[in-house]
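This document opens with one chain alone, in structure tokens, the form predicted on its own.
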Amino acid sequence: MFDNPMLLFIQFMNGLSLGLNLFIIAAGLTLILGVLGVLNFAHGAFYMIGGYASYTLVNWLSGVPGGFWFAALGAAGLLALGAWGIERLMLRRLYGRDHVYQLLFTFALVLIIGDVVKVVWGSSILSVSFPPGLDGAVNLGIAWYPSYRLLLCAIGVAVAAGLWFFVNRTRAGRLVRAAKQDREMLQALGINVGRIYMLVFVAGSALAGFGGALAAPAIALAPGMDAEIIVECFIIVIIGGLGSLGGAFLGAIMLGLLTAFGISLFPDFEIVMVYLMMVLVLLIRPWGLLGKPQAGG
């Protein structure tokens, strides 16, 4: 492959596209883990719901100009609404309690959502068509490349830039960072930390739904699709550093490229290579690439 520049370029772009789509999903998990300190096992299930919801909404909006994009935003909105209900009614009661309770709660959500998907959409494999005008390929000079995957790259970069701007350049972003570092101090200053937690959980879940909707045209929708994505998201979060959006971006790109090139070069060991990369990173930097050592650790 390395003596074929065109094939090398295509695999690089495949890895980049996969990595940027993974970042959109993993960014939500990173926000929730970094600010709320909740290991949200249900994040993959939220991604799955986003994919299935986009399937239904795309069919409902068939013939409407821009229907796919309305469906993707609708899927994100649906996840945001569901996350709001989950946080208000149940999750907020577990803040500050042992992580075991949070793990059990989010794992229960995984089981419930999995059964809901089977009841509503069945167990058959479903697919979502590419948006009109994005089912072809674009000539990039060195090779033709699917236009939808190129758009995924652009959206991934836009989401990363938007999150960076929000966290580092807005007052709301500064409050989110402050809530992550010292909740008690923020409460003493009269800031409603509970509302910040709720908004972070809603935004993180909406990102999972949006990522699922964007991925839907490129994958097969089937029950159980959440299991693989949650493992990949946790690998990205661990590699990048707990709670680090920059680390999640770097980890997602690394995972995407390793997966794309691993499938071509070592198809029998592609999954093993991903875990080896994680182990290697942890041996060198136990707190992740852009994470920070825990106090007292």
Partner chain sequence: MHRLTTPFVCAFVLIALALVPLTGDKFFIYLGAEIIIFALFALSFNLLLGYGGMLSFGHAAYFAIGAYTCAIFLTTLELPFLVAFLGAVGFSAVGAAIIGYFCVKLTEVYFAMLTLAFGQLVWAIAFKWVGVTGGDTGFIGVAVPEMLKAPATFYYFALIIVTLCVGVIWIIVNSAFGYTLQATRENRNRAEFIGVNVRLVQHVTFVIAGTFAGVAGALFTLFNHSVFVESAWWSASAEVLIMTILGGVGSFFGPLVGAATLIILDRITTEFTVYWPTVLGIILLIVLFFFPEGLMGVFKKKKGGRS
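Numbering follows the first chain given and starts at 1. Here the structure is a predicted model, which is why all the values come from computation and not from measurement.
Beyond what is shown, the protein has a form predicted in complex with its partner chain; the following relates to that form.
Student: Just one of 41, 55, 261, 68 has a heavy atom within 4.5 angstroms of its partner chain in the predicted complex, so which one?
Tutor: Of the candidates 41, 55, 261, 68, 41 is the one lying within 4.5 Å of its partner chain in the predicted complex.
Student: Please name which of the stretches 249 to 257, 262 to 270, 60 to 68, 46 to 54 has residues with heavy atoms lying within 4.5 Å of its partner chain in the predicted complex.
Tutor: Heavy atoms within 4.5 Å of its partner chain in the predicted complex occur in 262 to 270.
Student: So, in the predicted complex, is residue 144 in contact with its partner chain at a 4.5 angstroms heavy atom limit?
Tutor: Close contact is absent here: in the predicted complex, residue 144 is far from its partner chain, nothing within 4.5 Å, heavy atoms only.
Student: Applying a 4.5 Å heavy atom distance criterion, does residue 161 contact its partner chain in the predicted complex?
Tutor: Contact with its partner chain, no.
Student: With a cut-off of 4.5 Å between heavy atoms, is residue 238 one of the residues that contacts its partner chain in the predicted complex?
Tutor: Result yes; residue 238 sits at the interface with its partner chain in the predicted complex.
Student: Is the gap between residue 107 and its partner chain in the predicted complex 4.5 Å or less for some heavy atom pair?
Tutor: Yes, residue 107 sits close enough to its partner chain in the predicted complex that at least one of its heavy atoms falls within 4.5 Å.
Student: Is its partner chain in the predicted complex near all of 35, 169 and 245, within 4.5 Å of a heavy atom of each?
Tutor: Verified in the predicted complex; spot residues all out of contact, no.
Student: For 98 to 117: residues with a non-hydrogen atom within 4.5 angstroms of its partner chain in the predicted complex?
Tutor: Those in contact are 99, 100, 101, 103, 104, 105, 107, 108, 111, 112, 115.
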